[in-house]
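One chain comes next, on its own, written as structure tokens: the form predicted on its own.
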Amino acid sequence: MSVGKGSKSMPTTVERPKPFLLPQFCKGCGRCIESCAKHCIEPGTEVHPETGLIPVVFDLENCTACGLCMSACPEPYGLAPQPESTFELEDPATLFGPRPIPPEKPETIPDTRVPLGSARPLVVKGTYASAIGALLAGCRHFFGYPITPSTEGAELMAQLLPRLDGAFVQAVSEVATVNMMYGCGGAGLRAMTFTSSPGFSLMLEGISYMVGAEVPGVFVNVMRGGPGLGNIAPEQADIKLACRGLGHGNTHGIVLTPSTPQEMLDLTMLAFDLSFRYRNPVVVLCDGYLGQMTGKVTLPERMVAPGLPDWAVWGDRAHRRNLIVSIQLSEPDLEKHNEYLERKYAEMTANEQRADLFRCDDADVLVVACNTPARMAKGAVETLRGEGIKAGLFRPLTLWPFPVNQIEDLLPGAKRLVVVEASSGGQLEDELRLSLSKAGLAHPPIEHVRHSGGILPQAAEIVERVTASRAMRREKGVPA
């Protein structure tokens, strides 16, 4: 309404609505109590029968309708400015319309192999080789927390991923790291982390969730001395953890054990393939010496351009029906899920046993070793062969599943097994013994050469152990 010249405008009074409470939506948090200057709101004393919570109570006699209590309320329907008689909750179907029905099942977009072109070999340390392998495998998402002696791998990913339209996130902790990997893997994307022994321990709960929810992800664990914080020297301290303690419940994951920078690259690439093939975390297990050791690395002929699996929670209409979850509240449902996981583990065991054999065809002394100790063991085998002793190196490339099928073929000709490892208590030997026992295989006597705390077995020690045992057997009249 316009007002003529010389006339006075009439004041307009707007009556502000006072709040009213829907007690079934009140959690009794007390934020509205703190916001009210007139003390119109007090803590309640009666439990609401629908919620089991205690809502606040109002006395609006002194209320000025300032609205601060409504602003403070975190519940969208807890406090409302309308009179209660006219307030109605709206059905979401009315607000947003009928829910669209996506197709029954989205299509899988397959991976493609892209020619890499010719490139000269690189001379890089083990952690760098693993990072390069991840990039060539199509990984564009890294989550991690720095920890010696694995940090250099994360640093290289931090440098390269932004240039490749990738994402590098330094998490606030190892616990945050594994949960970020859960989310990324659940979207069907390739994610990885570098860690070391104490950090890997912190990730185990999240890894168990990933196993239960069938979420892929690659964990490169550069082992160091333990227990506790231990030190940053090389050790094979996490074999037991990776093979038998991968989180709570019925959990297993393929464990790959490289021994050279070249294998750090190759087995990291393989890890991504296996992780998505079985929808399960995969561990690349190496020691601190290998992580820091520099070596020659030849790049593959092709790299991976990843597709998108049909099960991914991608966020679009086609994948709307997909669900990633590890909780099964019904006991029969959880048992059924564990039985399904057991069948998947059996498939991994049947198909993914890998080992490298060096001069094992006629060996009567089998030396069993992996990671950096396998390099010393290989030198010892060559020395023993020079002395006329038929020694061979059996090198597991998978610790879980242990390559028992390959060693079974060698047992009839073997008179002794010598396990070489950098861990106390014989963690590698335990894996060997357990696998032989489960397979029901008779085996010759098992001896060992061990160090821990960051001290690696040396080739001369292995030679001395084999030759000393051989001499003792001859003295006792036992065939050497």
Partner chain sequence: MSVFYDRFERHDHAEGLKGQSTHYCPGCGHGLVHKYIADAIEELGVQDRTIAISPVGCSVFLYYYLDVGNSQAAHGRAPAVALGHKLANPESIVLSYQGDGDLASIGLAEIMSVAQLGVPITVVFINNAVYGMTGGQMAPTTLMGQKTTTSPYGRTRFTGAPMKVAELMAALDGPVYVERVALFDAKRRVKAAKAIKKGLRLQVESKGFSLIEVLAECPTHLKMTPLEAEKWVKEQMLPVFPLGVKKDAVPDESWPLPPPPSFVPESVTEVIGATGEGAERFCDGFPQTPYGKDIAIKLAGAGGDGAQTAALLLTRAAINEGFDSTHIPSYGPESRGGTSYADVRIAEDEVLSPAAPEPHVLVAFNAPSLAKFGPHVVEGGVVVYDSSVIAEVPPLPSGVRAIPVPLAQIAVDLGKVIVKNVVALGALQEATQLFPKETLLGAIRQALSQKCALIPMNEEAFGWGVKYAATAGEGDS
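Just so we're on the same page, rigid core means the largest C-alpha set that superposes within 1.5 Å between forms. Because the structure is predicted, anything quoted here is derived from the model rather than measured. Numbering follows the first chain given and starts at 1.
What follows is about the form predicted in complex with the partner chain, which we do not show.
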Distance check, N179 to the partner chain in the predicted bound form, heavy atom within 4.5 Å: yes
Heavy atom of G413 within 4.5 Å of the partner chain in the predicted bound form: no
The partner chain contact in the predicted bound form: N351, any heavy atom under 4.5 Å: no
Contact label in the predicted bound form: R31 to the partner chain, heavy atom within 4.5 Å: yes
L79, R140 and V175 each touching the partner chain in the predicted bound form (heavy atom, 4.5 Å): yes
Listed range touching the partner chain, judged in the predicted bound form by heavy atoms within 4.5 Å, from 239 to 247, 268 to 276, 340 to 348, 161 to 169: 161 to 169
The single option of E335, E387, E75, E408 touching the partner chain in the predicted bound form, heavy atom within 4.5 Å: E75
Contacting member of G212, P403, G295, P106, with respect to the partner chain in the predicted bound form [4.5 Å, heavy atom]: G295
Residues within 4.5 Å of the partner chain in the predicted bound form, restricted to 225 to 264 and counted by heavy atom: I232, A233, P234
Residue shift check between the shown form and the other one, rigid core fit, K27 Cα at least 2 Å: yes
Post core alignment: G425 C-alpha displaced by 2 Å or more between the shown form and the other one: no
Per-residue C-alpha change between the shown form and the other one, P49, threshold 2 Å, rigid core fit: yes
